[in-house]
Every structure is written in structure tokens, then in C-alpha cells.
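Heads up, the chain below is alone and in the form predicted on its own; it's given as C-alpha cells.
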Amino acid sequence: MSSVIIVGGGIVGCAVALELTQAGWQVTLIERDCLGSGATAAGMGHIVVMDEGEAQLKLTLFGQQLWQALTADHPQPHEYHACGTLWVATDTEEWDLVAEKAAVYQQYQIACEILDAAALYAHEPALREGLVGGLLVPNDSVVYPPKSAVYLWQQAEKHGATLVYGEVTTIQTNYVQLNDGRQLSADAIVVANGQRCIDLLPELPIRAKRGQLVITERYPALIKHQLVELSYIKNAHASSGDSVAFNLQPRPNGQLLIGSSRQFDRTDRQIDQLLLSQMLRKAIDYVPALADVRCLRTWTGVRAASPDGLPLIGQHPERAGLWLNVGHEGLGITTALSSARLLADQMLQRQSQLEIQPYLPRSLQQEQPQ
């Protein structure tokens, strides 16, 4: 039986643990804090098909399909909510993007519906006046990521996986060193600890992108779908600077999750009040009724971003026996299951459903900020 150590007990690490235990590997998962913490606990939990390039679309679509299979019979452990996504167009330029986006989705047989202004307001009457339409993607959904991470771990544990709490300080060929002096060895090591991967492997081309989120009291009748502005992708994948984008998500319990923001190379947890106010003003601009809601909590999280927006999934180019599953940026919930499957396919030398090449670890030279 082959053995593996997985560094990082977020949703990606837990998904890898389940894949490999199901394949018969002896799995040890190491977590510094608690399962499902870090970026997993800080994120919005959306499971969305994103179309910025074919590789991203295929990985997110595969991820969505795996999530649908996982939650089909037992949605409750994940707080799975099939709310769909409604991409909102503010002007004729963005209206043209709706048609382009729909054409791409239809090419891959992804269900979507173009909404003119009247249909848009029929679906979401709380949106401000003057919008021109949108694109409804009904199969998008959300989960509560910390609960999903724990669920995946519990399934792995049933197959014999072991959980160790501790902080990995050094990775060698077939063992890891913990900060309390313990050494754990295995045939293979998987690094899946998000932005913290660069503490262990500074050669990786990963940058921190900090974000802030707000959650409100319960307003179950305000919106039905996850609402996203069409310029979200441009803001999400900017190469420098601070940015905000409109992203409003209904939780199954009636609360609203308001996002989103991005700041490069920030890993602290301090709230940026100026950026937060910009984010909230943008949200209120799209949904004016948000000006009267009560916010319960604001927090920050740190995404791990790769230069081209695709995660690194595969063997470290320069170190035998060391495998990577990092760099998911804001899509780590969507791609947790699909990336774990692709990594396990490589480690087990089995055929993959997707072409592996676009996701293999690439140049190890850190790209400098622009």
C-alpha cells in the first residue's frame, strides 16, 4: 500500500484525502489550525462555471458535475443551495457580453438563459432601475465550505485516513518536519495548503490576494439568485492594484453574503474600511434595498493566485515525490473535487477525464508585481 502525507486540511486537502483513500492509499492529513479553516472558511462557497479560457471552463464544469453527484442524495451536510447565478448587464456593451457568454456556455451544453430587461426584473425585482438584461445560469449553486470540508474528511476517515494537528516547517524528499520536532514520512507528499504553500515552497509562482466579505441578518425575500456584475472577471483577475466587484449571494437561511474585493500581497486580517465602503456602495448601487439591511459580521480571507489564474495540479517539476494542488484563487470550492480527481489520476497513473497539461505546475519563477 502506498502512503501519502497531505499538507493542509482545507477543502482541497480534504478532497485529495478522500480521492486517495478511496483508491487504497494510506493517507495522513496534517492541519495547522482546524479542518476547513483558512481560505475555505473565508470564501463565499459558490460552485460556478467560469469561462475565462477553455481550461478554466472545463475544470470548473467538471467540478460542478462532481459536486452535483456528491450532493444529489445528501445536500444537507453541505447546506447545498441551487440558487443559480444571474450575471447582470448595466449597458449595451455588457449586453453584448451576455450573448458572447451564452454562446460559450451553449457550446459546452451548459444550461443558460438570456434575459432582457423585463425578464431580469421579473426574476430579481430588487435590482436598481436602468439595467438592460442579464444571463441566468441555473445550475450554479453554493455550499457552506467549512461543513463540506469536514464532510469530505469524515468520508476519508471512514476509509482509514489519519488526521494530525501540527504545523509543517520543512518538506524533504519523503518526510515532513513539524514545528514540535516530529517527523512524518510517506511515499509521497501533497502540498494543498493554499497561500501558505509559499512559506514551505517559496519558489512557487503564487501570490496572495486578500478579500473582504460581509454577511447580513436574514432577508429571505430580497433576492433569489447569486447576482454578479459582468465586469467581475476583469476585476477578479486584474494583475495589480485593489479592486471591488458586485457579488451578492443568498444563503439558504435567508442571510445575504456581500462581496467582493481583492488586494494583492496582503495577508493580514485587518479590515480595510475604505475598500469595504467601496464594496458596499457598489452593492447598494445594484440593489438599493441593501442600504437598509443590518450587517452582522465582516471578515477577511486570503486567496492563493497563480499568474494565469489556473491552479497548479501535479508533480513539482524539480522534486520527485512532491505533488501540488494550490493556486485556486477564488474558485477553490468549485474546483476542490475536480482538482483532487486530476491529482489522484496522475498519482495513480490512471486516465483522466480532462487533459492534464493546462494545470501542470509551470514556471517556478515568481512573477513580480506590475
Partner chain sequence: MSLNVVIVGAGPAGLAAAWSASQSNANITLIDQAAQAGGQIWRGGQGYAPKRYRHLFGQQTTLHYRKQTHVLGASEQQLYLATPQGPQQLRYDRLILANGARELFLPFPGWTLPKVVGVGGLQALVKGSLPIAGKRVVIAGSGPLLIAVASQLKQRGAIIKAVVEQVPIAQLLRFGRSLVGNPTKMLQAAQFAQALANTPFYVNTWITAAEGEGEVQQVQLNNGQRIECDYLACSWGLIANTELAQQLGCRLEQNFVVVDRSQHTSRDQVYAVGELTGIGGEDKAVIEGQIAGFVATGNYQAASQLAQQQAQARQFSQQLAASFALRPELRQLAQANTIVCRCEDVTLAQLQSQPSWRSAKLQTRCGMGICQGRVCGGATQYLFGWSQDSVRFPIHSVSVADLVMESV
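Positions refer to the first chain, counted from 1. Only a predicted model underlies this, so the values are computations on that prediction, with no experimental measurement involved.
The form predicted in complex with its partner chain is left out here; the points below concern that form.
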Three-residue site Pro146, Arg218 and Arg297 fully in contact with its partner chain in the predicted complex at 4.5 Å by heavy atom: yes
Given that the partner is absent here, state which listed stretch (254-262, 177-185, 223-231, 130-138) has heavy atoms within 4.5 Å of its partner chain in the predicted complex. 254-262
The one option of Gly314, Gly301, Gly36, Gly45 with any heavy atom within 4.5 Å of its partner chain in the predicted complex is Gly36
By the heavy atom within 4.5 Å rule, which residue out of Leu274, Ala122, Ala72, Ala99 makes contact with its partner chain in the predicted complex? Leu274
Would you classify Ala103 as touching its partner chain in the predicted complex, given a 4.5 Å non-hydrogen atom cut-off? no
Does at least one non-hydrogen atom of Arg281 fall within 4.5 angstroms of its partner chain in the predicted complex? yes
In the predicted complex, is there a heavy atom of its partner chain that lies within 4.5 Å of any heavy atom of Val150, even though the partner is absent here? yes
Although the partner isn't part of this model, could you tell me whether Arg269 comes within 4.5 Å of its partner chain in the predicted complex, counting any heavy atom of the residue? yes
